[in-house]
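Just the one chain here, the form predicted alone, laid out as structure tokens.
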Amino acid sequence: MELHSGSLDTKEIFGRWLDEQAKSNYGAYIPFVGTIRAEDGIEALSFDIYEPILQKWFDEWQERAKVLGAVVKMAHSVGDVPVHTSSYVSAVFSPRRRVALELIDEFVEDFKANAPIWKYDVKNGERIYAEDRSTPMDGAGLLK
């Protein structure tokens, strides 16, 4: 798992991951890139991340992938990411195509639903919490 300040250099990240896995003999490499769309007048999205929980979540996915003989990679941005640039990159390396296809789908969907990442719209230089596009975390909120 990698965290980067600002936009991701997807070519550098993909190239490095390919180099790291070059001799692994995996037959399938499935990447996913998330790019900031220009919508609702935003100039960027901004991200805060709680790294210890994200690392625990990612480590659990690594173990799940390992059982299938695969490897999962992920990079995400912290801070502001302008529209038309990338904030999220993930990939699965696997001996088999079907494993990689299924695993990347499950990984990306689970990331969207459960990763401890808080998203803000940036409009006119101001960060505005994107509550309508956020997913609550189990256990978060006020203590009773």
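A residue's number is simply how far along the shown sequence it sits, counting from 1. The structure presented is a predicted model; accordingly, all values stated were derived computationally and were not measured.
Keep in mind that the form predicted together with another copy of the chain is not shown, yet the notes after this line are about it.
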In the predicted complex, is there a heavy atom of another copy of the chain that lies within 4.5 Å of any heavy atom of Asp59, even though the partner is absent here? no
4.5 Å heavy atom contact, His84 to another copy of the chain in the predicted complex: yes
Contact label in the predicted complex: Glu126 to another copy of the chain, heavy atom within 4.5 Å: no
Residue-level question: is Lys66 within 4.5 Å of another copy of the chain in the predicted complex, judged on heavy atoms? no
Do any residues of 90-125 have a non-hydrogen atom within 4.5 angstroms of another copy of the chain in the predicted complex? If so, which ones, in sequence order? Pro95, Arg96, Arg97, Arg98, Leu101, Ile104, Asp105, Val108, Glu109, Lys112
